[in-house]
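We begin with a single chain expressed as structure tokens, specifically the form predicted on its own.
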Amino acid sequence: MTSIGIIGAGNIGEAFARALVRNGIAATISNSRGPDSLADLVREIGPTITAGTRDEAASKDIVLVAVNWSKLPAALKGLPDFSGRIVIDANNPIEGPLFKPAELHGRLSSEVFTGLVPGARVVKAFNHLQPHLLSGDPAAEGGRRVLFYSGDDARAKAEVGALIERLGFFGVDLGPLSVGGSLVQFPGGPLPAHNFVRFG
């Protein structure tokens, strides 16, 4: 059974955890303040989510990272090489609370992120949908809500695509990070914040 870790317990990390719980999938969630600070949250989210340390979450087969952009380097610093495990980049290059675009010096945010997770097979996913839609019922108006994903490793994408399907969404592969990463990057890409539904 594939194990799942979540680094970051903000809006996206929590919404992803709720989607997992809805489908009976276990995961370990972490934040910068330690497991004790998450006790109330995991109790409220549901029985399949446990609080852990950052290192515990990072040791899983699939690790979703959703952290405030300016805090990403600190959140990932010092972790062991990911040794080919899958890391989902669910981050957006914006600085809260004013939603100011981060300075990327002409690079895609996924390029910057990949440099922070050595050895990882990075898949961009779960960043473009509003959190309440990610945590809610993926069945919508007679169809299934769409989740986009992209990456440079076909097997890693296939595993994330299978997880998306298991959560009840309709996954759409946008190709390599150089293409898909730009399409779903917020701000800048054309796809974030739109609620796409696939019929048939």
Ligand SMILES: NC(=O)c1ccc[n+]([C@@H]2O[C@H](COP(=O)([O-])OP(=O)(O)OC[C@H]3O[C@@H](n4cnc5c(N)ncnc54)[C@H](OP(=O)(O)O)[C@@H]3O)[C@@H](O)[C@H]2O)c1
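When you see a residue number, it is the position in the sequence shown, counting from 1. Predicted model only: the values in this text are computed from it and were never measured.
Quick note: we don't show the form predicted together with this ligand, though the next part is all about it.
- Interface membership of residue 10, defined by any non-hydrogen atom within 4.5 Å of this ligand in the predicted bound form, is confirmed.
- Taking the partner from elsewhere, residue 110 is found to have every heavy atom lying beyond 4.5 Å of this ligand in the predicted bound form.
- By the criterion of a heavy atom within 4.5 Å, residue 131 is counted among the residues contacting this ligand in the predicted bound form.
- Residue contact with this ligand in the predicted bound form: residue 167 places no heavy atom within 4.5 Å of it.
- Here the marked residues 4, 26 and 59 all miss this ligand in the predicted bound form; none has a heavy atom within 4.5 angstroms.
- A single residue from the set 160, 66, 63, 147 has any heavy atom within 4.5 angstroms of this ligand in the predicted bound form; that residue is 66.
- Stretch 29 to 37 is the answer when you ask which of 29 to 37, 137 to 145, 42 to 50, 170 to 178 has residues with heavy atoms within 4.5 Å of this ligand in the predicted bound form.
- In the predicted bound form, this ligand lies within 4.5 angstroms of at least one heavy atom of each of the following residues of 87 to 120: 90, 91, 92, 94, in sequence order.
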